[in-house]
Every structure is written in structure tokens, then in C-alpha cells.
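What follows is a pair of forms of the same protein chain, given separately as C-alpha cells and numbered structure 1 and structure 2.
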Structure 1
Amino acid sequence: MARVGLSTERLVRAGAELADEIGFELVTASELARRFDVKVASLYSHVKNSQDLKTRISLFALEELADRAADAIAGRAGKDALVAFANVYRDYGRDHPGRAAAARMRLDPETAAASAGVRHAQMTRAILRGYDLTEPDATHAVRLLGSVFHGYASLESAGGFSHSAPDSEETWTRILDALDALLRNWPTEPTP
């Protein structure tokens, strides 16, 4: 019988908070059970194992991030939408480093297809429509933006920019200006 007070949703939320505290890679069912002062077996009515817990945290983080991104870009277009979208990713990475790592977890194809990751791609493509990119360039641009947003947030949260000038905020602003300029002037032919 499931322990009173435990639910899958409560465990996933607590797992996400734990990921932000100790790092997503260190989250296990055992560590989460210690937080609730219960035996690990008490969790197995709600999650199968540590891998299932991590998958659920990943799905939670993807959904949470997609909701924030959708709110941020609503009614915006062009560079304004790009900056709002990028800032959501950066802020999420700073405020929730464990969840941000969880959102990048590799999911099996079926789980990924049913996740909020699809919404992320749809929002990115909606922003890119304002730049008149067609396939395959739109896919290249989606990958570029994801790499920049996640990469910058990861490096910044690890302190990678804290020991040199200029300030990382200034660099972020310049990067977004450069991305906007690149997207407006996307090369038409690949470089040989």
C-alpha cells in the first residue's frame, strides 16, 4: 500500500527540487526516499526505479519550461520573440540548473514524441518563420538556437564567465543581437 502523503506528482516535484540542489545526475530513488524519511520500497508504488524517476523529472522540466516559454513569446514576433524565448532558457538554467539538465536528458523516441519537447520545437519554428527560413535551414537554425541557449546557460551557471570582463549580461545581449542578424541574413548556400 502506498505511504500516505506520497504521490507520483509530489515525488517528481521533490525530485526536481532535489536535482536543483544536488545536480540531476545525482538524483536517485534512494536519495529521494531519504528526503521523505521513507524506505525506497515506499516509492515504488509511484515510480519504477531511479531511471523512471529521472524520466519523469525530465518530462516535468520540459513541460514547465515550455509553459514559461509560451507565456514569454505570446504576442511577440521577430527579434522580440527571439530574445524573450532565449531569456526564458537562460533564466531557467540559472534558477533551476538541475531541471535544466533534466530537460536535456535523452528520452526514448516514443516518450520524446509525447513530451513537451515537441512544443519547444514548435515554438522555435514559429519564431523562425519570422525570419523566412525554409527547410533544411530551419532545422539547422533550431539546432543552432538550442545549442546557444543551453550551452550559454550551462557555462554561465558553472561560473565559466565570472572571471573575466565584459559582464556576461553584456555578452548575452551581444549574442542575441548576433543571432538575430544571422537569422535575418542566413547563408543561402552551404560553404564548401
Structure 2
Amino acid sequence: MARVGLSTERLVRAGAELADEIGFELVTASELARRFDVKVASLYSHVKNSQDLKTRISLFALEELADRAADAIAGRAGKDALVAFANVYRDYGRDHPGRAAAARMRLDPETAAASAGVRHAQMTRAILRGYDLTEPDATHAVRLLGSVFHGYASLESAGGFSHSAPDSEETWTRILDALDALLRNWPTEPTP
């Protein structure tokens, strides 16, 4: 019995690549086993179950994304940081659609709380230091930015903007301009 050298680590990495190839929702223990030329049951020594595998891929993607974002915003501030940060999300979604979908996967609260998701929120908050926002507006803004990045990536990956003018690239740039303007001019009082 030739040992292939499976490990949780290798399964997760391969799962992430598989997700980029065929789509995250199609990643399955069976398919992964096939890739390793191994029987399905063998995976179950390394991951608890199919759900566990997907969760691990999601956590992996969140880490990878957070690492890239951290790199991107290092030494930048203000709009510069905002754009660099936002582009990490967008590029990740384009280069690694499967992993990006994995990163958007719904995690149960405890798992989410222990994930790199909190780093994402912290970095978003750090970017807002370049703008004059006090609590609770900073939190509102963090949530707005999260919604936009999440939502845009999701719609774009669903092909929402693909066959219409102007192209998605331009819209993305202009949305970042708009968000920058909004953050510099955040409405303190509800404007009736």
C-alpha cells in the first residue's frame, strides 16, 4: 500500500486549489480522494467529516486573505490604504474564486470568533484611523466596508457585472473613490 502522505494540511491546501478549479460548492471528500488517488475513507483519519473539511478550507482562505491584506496596508494610510486593502479582496476573488467563496462561507459563531475573520475587522478598523471617525460611527463604517467588499465580490463572481458597460474594473475604482469621499465626510447627524 503506497503511502501518499496525506495530512490535514495537505488535504486543506489541495481542497483550496480544487475549489478554485471546480468551485467551492463542488469540493467533496470523494473528489479530493480521487485527486490523491486514495480511497475516500482514508480522508476520515485527517478530517472529521465533510463539513470539517470545508470549514478548514474556509479558515485557510481567511488566513491567507488576512496575510495579504496585512502586507498590502503596511506603511500605507488614508485612501492609499483603503484602496490597497480593497484591492486585495477584489484580486483574491478574481485569482482564487473558490477560496474567496470559501472565505465567504457561513461559520458558526465560535469558529468565526477564533478565525482570521477578526483580523479582517481589526485591519478595517485600522484603515479608518486615517479618517476622522469616532465610535459608534467607526463600527458602522467597518460594517459598511465589510458589506461592500463582501457583496461586490459575491456579485462579481456570480457574473453580475460581466456583460454590461461600464466594466467592472471602472466601477470598482469609482466605488473606492466614493467610499473614500464618504469616509472623509461621514454624516454625523441623520440628514432628513
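In this text, the rigid core denotes the largest set of C-alpha atoms whose superposition between the two forms falls within 1.5 Å. Here the structure is a predicted model, which means the values were calculated and not measured. Numbers given to residues start at 1 and step along the sequence of structure 1.
Note that the form predicted alone is the one shown as structure 1, not structure 2. Once the rigid core is overlaid between the two structures, Asp137 counts among the residues whose Cα shifts by 2 Å or more. Comparing the forms between the two structures, the C-alpha position of Leu155 differs by 2 angstroms or more, with the core used for superposition. For Leu26, the Cα coordinates differ by under 2 angstroms between the two structures after the core has been superposed. When the core is overlaid, the C-alpha of Ser168 ends up 2.8 Å from its other position between the two structures.
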